[in-house]
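We give C-alpha cells for two forms of one protein chain below, kept apart as structure 1 and structure 2.
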Structure 1
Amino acid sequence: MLAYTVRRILVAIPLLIVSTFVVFLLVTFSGDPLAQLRTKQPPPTPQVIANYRHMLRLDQPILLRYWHWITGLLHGDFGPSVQGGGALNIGHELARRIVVSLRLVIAAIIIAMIIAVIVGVVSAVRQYTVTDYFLTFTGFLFLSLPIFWFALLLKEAAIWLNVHVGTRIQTLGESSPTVGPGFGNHFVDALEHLILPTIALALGTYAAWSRFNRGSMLEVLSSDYIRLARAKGLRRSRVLVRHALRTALIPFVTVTALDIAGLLSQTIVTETVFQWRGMGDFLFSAIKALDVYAVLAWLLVAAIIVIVFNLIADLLYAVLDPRIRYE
C-alpha cells in the first residue's frame, strides 16, 4: 500500500506542474490587469502605470514571468497584489480563506456521500417500489433546484423560524463577531454557522451521486457472484454490505472525485448567499480588482484541492479492491 501511495503521489506532481502552466497562460491572456488603473479619473501618470507594470512583471516575457511566479511559490510568495495599494499579502489572506472554505467543502462531501450511499442502496434493493419512487422523485427534485435558490430558501426559512419560533439558527457569516473564550465556544459557534451552508451544498450534491450509486448497485446485484453468494445461504445483509456495496463503491468513488471541481464552484455560490468570507469572496474580490496573481493563487489552490481529492480517490480504489495495488 505504501509503494502504491508513493507512485500515485509521484504521478500527481507532474500533473500539478502542468496545471500551474495552463492556469498561468489562461489568466495571463484573460485581459489587461491595468485596465481599471488606466481609466481612473484623474488619469494616473505614465510613470505610475510603468511602476505597476514593473511590479506585476508585465514588462517581462511570459515564460520569465511564469518562472518567477513558480519559483516564488516554492518560497511561499504568491506574487504582488494590486489590492490594498499593493499591500495585500496573497498567501496570508488565501490561507485564512482556505480554512474557512475547506471546512464547508469537507463537511458537505462527507454528508453528501453518506446520504448518497444509503439512498442508492435502499433504492436498488427496493427497486420499483414506493420507496424507490419516492427517493427517485426526491433526488430529481434536488437535482432540478439551482444551488443559489435552494440556499436562499433555506436562509429565508431559518430567518422565519428565528423570528416566529424563537430558534437561533445562524444565517450569516462563518463565525459570530463575539464569542466567549475557549476552544469549545469557538467550535460550537463554527458548527452553528456550518449547518445551513452544509445542508444547501450537500443536498444539492447527493442527488446525482445517489442516482449513480443506485445504478451501480443494481448492476452488481444482478451479477453471477452475488447470485452465487445468495445460493450459498449467506445472510442478505452480508451479501449487500461485504460483497455488493464494496464493489459498487469503486465507480461511485470515481464520480465523487470528478465532481470535486463542480463542488468548488457551488461552494462559491453558497458562500456568497450566506456571506462567508472564504475562497469564493476572495475570488470575487480578485476578479473585480483584476488582481491577476490573486486569481492565479485561487486557481492554483483549486487545482491542488482537485488533485488531492483525486489522489484520495485513487487510494480508496486500492482499499476497496486490493488487486489495483499490484497493477
Structure 2
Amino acid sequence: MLAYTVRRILVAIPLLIVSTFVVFLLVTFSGDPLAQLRTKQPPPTPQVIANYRHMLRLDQPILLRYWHWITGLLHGDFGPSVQGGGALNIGHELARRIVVSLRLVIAAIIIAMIIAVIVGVVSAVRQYTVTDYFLTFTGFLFLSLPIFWFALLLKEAAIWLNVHVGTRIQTLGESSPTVGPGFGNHFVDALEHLILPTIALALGTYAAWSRFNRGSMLEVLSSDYIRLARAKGLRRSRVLVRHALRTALIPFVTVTALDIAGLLSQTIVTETVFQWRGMGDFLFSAIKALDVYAVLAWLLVAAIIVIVFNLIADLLYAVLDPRIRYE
C-alpha cells in the first residue's frame, strides 16, 4: 500500500510540472499584467512601470521566468504578485485562503455524503414507492439547479426571513466585522456564516451522489450473498448496514473523491455569491489582475488537493474492501 502511494505521488510530479508549464504559457500570453497600472490616472511614470516590469521579471525571457518560479517553489517562494504593488505574499495569502475554502468544502462534503447515503439507501430499499419517486424528483431538481442560482435563491430566502420574521441568518462574508471578544463568540459567528454557503454547496452536490448510491445499493441488494444473509434470518438493519451498504460504499467513495475537483470549481461561484475570501475569490481576483504567479499557485494547490483526495479515496477503497490490496 505504501509503495503504491509513493508511486502515485511520483507519477503525479512530472504531470504537475508539465501542466504548470502549459498553464504558465497560457496565462503569460493572455495579457499584460501591467495593463491596469498603465491606465491609471494620472499615468505612472516610465520609471515606475520599469520597476514593476523588473519586479515581475517581465524583462526576462519566458523560460527563465518559468525556471525562477519553479525553483523558487522549492523554498516556498511562489513568485512576485502584481496585486498591491508587490505587497501581496502569494504563499501566505493562499495558505490563508485554503483554510477558508476547505472549511466550506469539508463541511459541504460531510453533509452531502450523509444526505446522499441516507437518500440512496432509502430510495433503494423503497424502490418504486412514493418515497423513492419523491426523493428522485428532489434529487433531480437539485441536480438541475445551477449552483449560483440556487445560492442566490437561498440568500433571497434568508433575507426575506431576516426582514419579515426577524431571524438573523448571515448572508455576507465568512465572519462579521464586529464580533465580541473571545473564542466562543468567533466560533459561533463563523458557524452562522457557514450555514448558507454549506447548504448551497451540499444540496447542489448530494443529488448526484445519492443517485449513484441508490444504483449501487440496488445492485448489491439483488446479489446472492444478500439473499443468503436474509435467508439465514439476519436482521434487516444488520443486512442493510453491515453487508449491503459497506459494499455499495466502495464505488461511491471513489466517485465522491473524484468529484472534489468539481466541488472546488463550484466553490468559486458560492464564494462570490456569499462574498467569502477563499480560494475561489483568490483565483477570480488573480485572473482579473492577470497575476500570473498567483494563478499558477492556485492551480498548483488545486491540483495537489485533487491528488490528495484521490489518494484518500484509494486508501478508503482498500479499507472498505479487504480484497483490494496493493503490494
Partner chain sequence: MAATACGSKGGGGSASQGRIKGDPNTINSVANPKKGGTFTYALEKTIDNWNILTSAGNTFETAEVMDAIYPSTFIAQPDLSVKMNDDLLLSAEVTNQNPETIVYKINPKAVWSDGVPINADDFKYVWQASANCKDCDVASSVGYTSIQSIEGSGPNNQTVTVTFKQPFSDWKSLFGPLLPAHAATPKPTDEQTLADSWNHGFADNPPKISGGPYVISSYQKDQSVTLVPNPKWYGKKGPYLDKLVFRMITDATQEPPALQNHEIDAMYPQPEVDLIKTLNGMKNVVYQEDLGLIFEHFDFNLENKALTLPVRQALFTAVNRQQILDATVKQFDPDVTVLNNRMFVPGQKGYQDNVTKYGLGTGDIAKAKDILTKAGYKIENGKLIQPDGTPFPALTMQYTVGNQIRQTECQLFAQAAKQLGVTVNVQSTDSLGKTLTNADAQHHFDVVVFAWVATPFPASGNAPLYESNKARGGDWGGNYGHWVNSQADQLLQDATSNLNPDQVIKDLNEADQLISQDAYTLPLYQKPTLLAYYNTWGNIRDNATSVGPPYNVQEWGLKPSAA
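All figures in this text were calculated on a predicted structure; none of them were measured in a lab. Here, a residue number simply tells you its place in the sequence of structure 1, counted from 1. Under this definition, the rigid core comprises the largest set of C-alpha atoms superposing within 1.5 Å between the forms.
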Where is the form predicted together with the partner chain shown, in structure 1 or in structure 2? 2
Taking the rigid core as reference, does the Cα of I260 move 2 Å or more between structures 1 and 2? no
Against the rigid core, is the Cα displacement of S144 between structures 1 and 2 at least 2 Å? no
Exceeds or equals 2 Å, Cα of T71 between structures 1 and 2, core fit: yes
